[in-house]
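Here you get one chain, nothing else, as structure tokens; it is the form predicted alone.
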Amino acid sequence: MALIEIRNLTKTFGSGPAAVTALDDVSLDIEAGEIFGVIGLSGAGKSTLVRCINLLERPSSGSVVVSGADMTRLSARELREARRNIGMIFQGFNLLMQRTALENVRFPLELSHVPKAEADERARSLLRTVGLEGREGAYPSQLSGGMKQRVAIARALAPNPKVLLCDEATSALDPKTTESILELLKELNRSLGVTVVVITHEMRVVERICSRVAIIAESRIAEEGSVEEVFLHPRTEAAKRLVLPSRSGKLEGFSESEGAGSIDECRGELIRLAFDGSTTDRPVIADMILSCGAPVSIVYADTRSIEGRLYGHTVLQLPGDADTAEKMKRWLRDQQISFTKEAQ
């Protein structure tokens, strides 16, 4: 049984002609101990989804089961108890500005009536865990954005939750700070065993720390799978918009009648090569050119690191000569290099 089981989840705001469906029949399984990503463009429904997991938003229909308990069927008291197992961090940090870092982290323990000395010890330990030892007495106004998010993470971990929900947790941070926060989340996942659900509109965030990903578009799950599979072989238009270089999943400005470069003979079809972690260290394109005796134009190239391995896409414009182009495609198949014809 998965730690989080979402079944046929629908959430509608309003009623009648003005009703807006934010989620439409969404089903997902999230396993214990994994870092699971939910990615989508603005307005796709991803933030509503994460808020339905801990019932900050109550679903219109469907079920959300966490650790065997259907959150939609719990009483108010049972729901408060269940939420202690689900920590949450937000894009805007949501810290109490009149409280110090220590007091912010201690706050959920106060609500649970944990003795002050025990709560202080727990809060200090968590601030050390997130790299803020010595900043216990600092107020949020005295902290950088990255430090504020570290305080928010420590606060979310205070009740020792099984699940940590991250709603656009790095969107307000610069790239260097984002990297440090993502590395912290990975370390917490490893050291504490906490299951992390990452909600984001940035593919680079998912690639950096997630093992599996669901792509949400127009209020529904468009695609789900391992991060490397979705990156290498996006099946749906929604996935291509997030993974590939243009919004439509097509390359603008290139066609089979207008070459990508100045080499006259390179006016053939566009193909997209997908490189997995086992082939990125090979000079595939150079070997193909030498073996086939004809040049190609590199239209686009992108390499990502996913769970410590390099994956990539390269779009080539093949020669206009059909026989030469077919020879190159046969060579790629023989070398077990995955490729697809690029949409024009």
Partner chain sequence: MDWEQILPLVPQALWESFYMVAATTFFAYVIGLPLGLILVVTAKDGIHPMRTFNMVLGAVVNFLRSVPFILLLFFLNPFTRLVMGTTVGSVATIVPLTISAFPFVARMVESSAKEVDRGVIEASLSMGASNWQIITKVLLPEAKPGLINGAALSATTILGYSAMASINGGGGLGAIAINYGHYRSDYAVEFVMIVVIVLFVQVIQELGTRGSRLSDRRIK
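Residue numbers count along the first chain shown, from 1. If you're wondering where the values come from, they're calculated on a predicted model, not measured in any experiment.
We do not show the form predicted in complex with its partner chain, though everything after this point is about it.
A.B. asks: I need to confirm a contact call. Of Leu96, Ala172, Leu74, Leu192, which residue comes within 4.5 Å of its partner chain in the model of the complex, counting heavy atoms only?
C.D. replies: Looking at the other structure, the residue within range turns out to be Leu96.
A.B. asks: Gln142, Ser211, Ser180, Gln91: which sits within 4.5 Å of its partner chain in the model of the complex by any heavy atom?
C.D. replies: Here the answer is residue option Gln142.
A.B. asks: How about Arg235: is it within 4.5 Å of its partner chain in the model of the complex, going by heavy atoms?
C.D. replies: Outside the cut-off, so no.
A.B. asks: Give a yes/no on whether Arg83 approaches its partner chain to within 4.5 Å in the model of the complex, heavy atoms considered.
C.D. replies: Contact with its partner chain, yes.
A.B. asks: So in the model of the complex, does Glu110 come within 4.5 Å of its partner chain, heavy atom to heavy atom?
C.D. replies: It does: once its partner chain is placed as it appears in the model of the complex, Glu110 has a heavy atom within 4.5 Å of it.
A.B. asks: Indicate whether its partner chain has at least one heavy atom within 4.5 Å of a heavy atom of Arg155 in the model of the complex.
C.D. replies: Yes, Arg155 sits close enough to its partner chain in the model of the complex that at least one of its heavy atoms falls within 4.5 Å.
A.B. asks: Heavy atoms, 4.5 Å, its partner chain in the model of the complex: which of 285-293, 36-44, 315-323, 53-61 makes the cut? Say which one.
C.D. replies: Single hit among the candidates: 53-61.
A.B. asks: Could you list which residues of 195-229 come within 4.5 Å of its partner chain in the model of the complex, counting heavy atoms only?
C.D. replies: Nothing in the stretch sits within 4.5 Å of the partner.
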